[in-house]
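Just the one chain here, laid out as structure tokens, in the form predicted on its own.
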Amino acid sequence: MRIDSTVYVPAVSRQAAYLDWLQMFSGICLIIFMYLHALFVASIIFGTGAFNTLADFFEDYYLVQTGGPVIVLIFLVHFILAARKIPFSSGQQKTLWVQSRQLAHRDTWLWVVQVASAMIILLMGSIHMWVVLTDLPITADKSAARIQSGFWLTFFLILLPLVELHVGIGWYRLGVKWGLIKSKARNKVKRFEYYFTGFFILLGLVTLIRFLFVKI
């Protein structure tokens, strides 16, 4: 008796490929935005004048009023696209955890960290964007008042490392997925990603501390 051992693997649809491209594009947009955003907010280190000058520039050219809603849209679209591959059920999450431990593969754990951080960023990031965009214009005094209230300091101490980890792992995994980072270069690039992420977390902490000393 002959046993047919052929395994049929479902073909990947063209639609899935397009959605992957769209997810990549939205991810790249958010990565660029987050690094530029971090540098903009860090201008407070050089004083309220530097911060307000940049904020006024964005206001004068309506970059906040137009760019803000666009970023919110990209943020939501990216999450919806990424959610296609996120395990939401308890059974899926248990399977992911067990297999991740069995594989003991660093890149797999990076993906787990990225998925876990995404859930928290979705909630906290939405709150942050809503508060900022409904209280325009952006000024150093307003930002400092939020940080000095206590609640927002704790809020950003949680959000800051999660965002930087998510973004750093994001561009590394994109490079691996699309063949830009070859196998031999993974460890070197990964090490750079750790330092790069660490720099932006440190920059964010210094920025938060500087806001605490702004006289309102």
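Note that residue numbering follows the sequence shown and begins at 1. The structure presented is a predicted model; accordingly, all values stated were derived computationally and were not measured.
Below: the form predicted together with protoporphyrin IX containing FE (HEM), not depicted.
> Are all three of F33, F75 and F211 close to protoporphyrin IX containing FE (HEM) in the model of the complex, meaning a heavy atom of each within 4.5 Å?
Yes, the whole candidate spot contacts protoporphyrin IX containing FE (HEM).
> Classify T207 as contacting or not contacting protoporphyrin IX containing FE (HEM) in the model of the complex by the rule of any non-hydrogen atom within 4.5 angstroms, answering yes or no.
T207 belongs to the contact set for protoporphyrin IX containing FE (HEM).
> Would you please decide whether R191 lies within 4.5 angstroms of protoporphyrin IX containing FE (HEM) in the model of the complex, comparing each non-hydrogen atom pair?
Contact check for R191: no, nothing within 4.5 Å of protoporphyrin IX containing FE (HEM) in the model of the complex.
> I'd like to check something about G68: if you look in the model of the complex, is any of its heavy atoms closer than or equal to 4.5 Å to a heavy atom of protoporphyrin IX containing FE (HEM)?
Yes, G68 sits close enough to protoporphyrin IX containing FE (HEM) in the model of the complex that at least one of its heavy atoms falls within 4.5 Å.
> In the model of the complex, does K182 come within 4.5 Å of protoporphyrin IX containing FE (HEM), counting heavy atoms only?
No, K182 stays farther than 4.5 Å from protoporphyrin IX containing FE (HEM) in the model of the complex.
> Go through 135 to 158 residue by residue and record those having a heavy atom within 4.5 Å of protoporphyrin IX containing FE (HEM) in the model of the complex; state none if no residue qualifies.
Sequence-ordered list: I138, S143, R146, I147, F156.
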